[in-house]
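Just one chain follows, in the form predicted alone, and it is written as structure tokens.
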Amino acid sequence: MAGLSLPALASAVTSLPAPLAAYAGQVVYLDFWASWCGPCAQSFPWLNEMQAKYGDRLKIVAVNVDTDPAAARQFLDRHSARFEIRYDPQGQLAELYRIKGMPDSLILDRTGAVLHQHEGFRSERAADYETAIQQALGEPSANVRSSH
């Protein structure tokens, strides 16, 4: 998966931080988003689709980083989320995972270790993102591509 790599700094997080402790034992797709972020809005339908497709084995948690809760509520009024929403207005989780842009997504294994991270959301890369989910779940991927 060219372009989908795990930044060295994020890989230093090897367990779930306290705000995410409820998800211990689950594979977690952690998505950082903000109300002003256009690609975040584009990613929400795909996140809903992934939650419906893998929801019995995958927990999708979207972490809002807005400092204004009203802005987050207005975004959610326009873009439905059928996955969990958490709030990080102080940016503590974002800082822990070295988030640099919006959206930024990570896949955590059952112990909380970071398996995968990518910045941005591009619909043409959705198959690559899903392949990373399938690999985290230990499933054979239908989207495997040669790197040659």
Partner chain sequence: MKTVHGLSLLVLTLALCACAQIGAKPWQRGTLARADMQLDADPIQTKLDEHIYFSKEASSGGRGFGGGGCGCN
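Numbering follows the first chain given and starts at 1. Because the structure is a prediction, the values reported are computed rather than measured.
Only in words, not in the display: the form predicted together with the partner chain, which the text now covers.
Though the partner chain is absent from this view, in the predicted bound form it lies within 4.5 Å of a heavy atom of just one residue from V61, L58, C40, I99, which is I99.
The partner is absent here, but in the predicted bound form a heavy atom of V65, alone among V65, V27, L30, M50, sits within 4.5 Å of the partner chain. Considering the partner chain in the predicted bound form, the lone stretch of 40 to 48, 91 to 99, 75 to 83, 110 to 118 in range is 91 to 99 [heavy atom distance within 4.5 Å].
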